[in-house]
Every structure is written in C-alpha cells, then in structure tokens.
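Read the single chain below, which is given as structure tokens and is the form predicted on its own.
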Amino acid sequence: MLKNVTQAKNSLIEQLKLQVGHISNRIEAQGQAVFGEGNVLSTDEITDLSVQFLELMVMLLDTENPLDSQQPAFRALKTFFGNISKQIVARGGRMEDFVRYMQFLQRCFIESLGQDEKVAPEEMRAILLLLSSVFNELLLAVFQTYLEEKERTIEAQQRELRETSTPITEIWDGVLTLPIIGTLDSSRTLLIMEALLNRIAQERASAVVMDVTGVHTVDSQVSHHMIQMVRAIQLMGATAILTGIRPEIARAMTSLNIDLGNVTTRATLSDGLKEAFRLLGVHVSRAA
C-alpha cells in the first residue's frame, strides 16, 4: 500500500512539474467563471488561491505519507480550504459552488494524467485512489467548517433574539420597565426572569414595572411562572408592578388558587410608572 502511495505521489509531483502552467491556468479560469463573475472573489484573490493551492498540494505530496490527515502539510491544506470556504460564504457565495470547484480541482489532476501515455494503468489506479482520499478528506473538512460557521451564526441570531425579546429599560434611577409582547411560553418566561433578575442586581433597582398589554394568551403554567417572577423580584428587594393584565390573563392567574395579595397591579403602564414613582417618593409635575 505504502509503495503504491509513494509511486502515486511521485508521479503526481512529476506531472505537476511538467504541467503546472496548464493546470494553474485551468484552475484560474474555472475560479474566474465560478467566483469572479459574481464578484465573490477578485481576480487577484483567484490567482492567489490557485498559486497557494498548488504550493500546498506539492508540499503534501512531498511528505512521506500524504494520506496522513494529522500531519502539518495536510492540516495546512485543510485550513486553507476552510478559510476560503468561510470567505466565500461570508461574501454571499454558495457552498455548493465551492464544493463543485474542489471537484474540478481534483478532475484537473486526473485529466492531466490521462494525457500522459507513460502512466501505466496500475499506477493510474494508485494515483486516483490517492487523489480521491485526499479530496474526500478535504471536502469533509470544508463541510465541518461550514457547519461550525452556520452553528455560530444561529447562536448569534438566537442571542440577538433573546436580547430583543427582553427589552428591559431603566426609565428612572431605580425604576425598570419591561414591556412583554407576543407569545409568552414557559421557556421565554424563564429567559425573561433570568435577564430581569440580573438587571435588578446590576442597576440596584427598587421597582420593576412589567407591562403585559401585548401578551394575548397564557396557560396556567406560564401564569405560575409569572407569579414566580414577581416573587423573585420581591426577594431581590424590589417591588414588582404588573400592568396591562387582560381579562383572560386575570382568569388564568386566579385559577392558580394562590395568594395574590402581595402582587401590585395597575391598569396601564402609565399608572404603573406613577405607582413606582410614588414608592420612591418621586414627584413628577408639569413645568409651570
């Protein structure tokens, strides 16, 4: 096996030396057709891609065992393709096009070998196996990089969504407001509670006005979480003021059969703010 690999890599290196100009021109032309026309990569970048790929490929073939994916030359080639794929996707290119381009690179080597009548069938078979193994490994590395980038993007979007779904604002020294809009399920309620308690500790808030005017439906479990949120705010030393409670939410909360005597409620957000200011001894009046 190793003898065949050695024979195959020597033949590939020889072919690269003999046809490097032809192969390089084909790679550049294909890169221009795939990435240049859509301005995904510039002409200089496509030229650099071609040169670096051939240099790294020669470096890999020059090692004792090019199939060893853990050696530095193989890792350098994987890193190279991983970085290029990230760059292409970040600029709006398609991963599918890049994979087809990598398949073209492999085909370039094979077609150049087919023009050499000195390459025996058995030697050709060893070369094909070598190229197939190397490029399969590279394609897996590129897909892995793509999936990692995709996962990072999804996590960033979820983080942004979490931040925008909990718009906690300090409207006055010691007074926080939290307008809740949309569907309030258990997981979102827990998320809001965590963010709110952290913000109370950070701002040393004395009053929190939670406005649920924009919440249309809640189930008994969510109502239970809301009461827990109120209790948690009270344990933090702040006063919770619920505003904008709709009739259906009121019915859901009373159905819990728990003591709501310590829960401060007001009809509107404006009334809730007035209550918060009153608790802090703040007087707001029109300018004379």
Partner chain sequence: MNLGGIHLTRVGGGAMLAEPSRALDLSDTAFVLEAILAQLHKHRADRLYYDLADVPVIDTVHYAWLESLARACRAINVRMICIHMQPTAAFGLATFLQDPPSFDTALDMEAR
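Everything numeric here is computed off the predicted structure, so don't read it as measured data. Numbering follows the first chain given and starts at 1. Rigid core: the largest C-alpha set superposing within 1.5 Å between the two forms.
Keep in mind that the form predicted together with its partner chain is missing from the display, and what follows is about it.
Taken together, the three residues 200, 235 and 262 all come within 4.5 Å of its partner chain in the predicted bound form, as judged by their closest heavy atom. Among residues of the shown chain, residue 193 is one whose heavy atoms approach its partner chain to within 4.5 Å in the predicted bound form. Its partner chain in the predicted bound form is not approached by residue 65, whose heavy atoms all lie more than 4.5 angstroms from it. Contact annotation: residue 204 falls within 4.5 Å of its partner chain in the predicted bound form, judged by heavy atom distances.
Residue contact with its partner chain in the predicted bound form: residue 228 places a heavy atom within 4.5 Å of it.
Across the options 94-102, 138-146, 204-212, 120-128, residues that bring heavy atoms within 4.5 Å of its partner chain in the predicted bound form belong to 204-212. With the partner omitted here, the residue from 239, 30, 223, 69 that has a non-hydrogen atom within 4.5 angstroms of its partner chain in the predicted bound form is 239. After superposing the rigid core, the C-alpha of residue 13 moves by less than 2 Å between the shown form and the other one. Core-superposed comparison between the shown form and the other one: the C-alpha position of residue 102 differs by less than 2 Å. Annotation: Cα of residue 226 displaced by at least 2 Å between the shown form and the other one, core superposition.
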